[in-house]
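Given as structure tokens, the chain that follows is alone and in the form predicted on its own.
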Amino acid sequence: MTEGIVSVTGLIAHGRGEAYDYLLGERTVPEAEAAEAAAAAMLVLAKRPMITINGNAAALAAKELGELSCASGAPMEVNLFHRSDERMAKVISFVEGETGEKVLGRDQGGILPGIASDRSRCTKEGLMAADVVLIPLEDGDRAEAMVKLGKKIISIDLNPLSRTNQEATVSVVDEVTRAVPNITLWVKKLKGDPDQARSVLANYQNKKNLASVMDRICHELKEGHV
């Protein structure tokens, strides 16, 4: 935070996520495993996949997101809610330093309609052109806007009731540093087998999976496991 990578409100968001992780036992639950496989399948089958990164995602999992980018062929783009040119440069440089990969976001000539904040700004060659977008961590406004543009969204968010997860095509309810490596492993398994990737997606139901996560949280609370 003191370096400008994460904002003060980003720390609040992280704490909120940690609270949900406690309710899940701080582990990757079976519903998350299923969603991670589906997320990988969607990335493998995409024509123009993209990974969008905010300050929290950069601080928590820049290296892991870079590995996923390399495995899936999905470029990375930085998009910030609390945006300034200086902070954009810091976050992009940080991610590039952690990953050794070129990161989009310095020249944001595209605008996502329906968003009042600076989060509407994006690159034309990246987010605007994408057909599948991975959003690690909560970003309800942009998830909703991109769905309206016909894009498929993969979310990674520990709150099953968040607008991001509710809007997403595939909602991964897992902690980002666990989720991203799991998705990368699945990408490597499915990359050479599009038929299997299509089968994984065909057998996955996002709303049913989210409902199962919520049932699991309620059960854990009722049984006093958390």
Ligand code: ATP
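Throughout, we count residues from 1 along the sequence that is shown. Everything numeric in this text was worked out from a predicted model, so none of it was measured.
Another form, the form predicted in complex with this ligand, is not on view; read the next lines as being about it.
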item	value
is_contact(Gly110, this ligand) in the predicted complex, heavy atom dist at most 4.5 Å	no
Exercise: Leu158 in contact with this ligand in the predicted complex, heavy atom 4.5 Å	yes
Partner proximity in the predicted complex: Glu175 to this ligand, non-hydrogen atom cutoff 4.5 Å	yes
This ligand contact at Gly114 in the predicted complex, heavy atom, 4.5 Å	no
Output flag, Arg16, Leu137 and Gly140 jointly within 4.5 Å of this ligand in the predicted complex, heavy atom basis	yes
Answer range among 197-205, 27-35, 163-171, 42-50 for contact with this ligand, defined in the predicted complex as heavy atoms within 4.5 Å	163-171
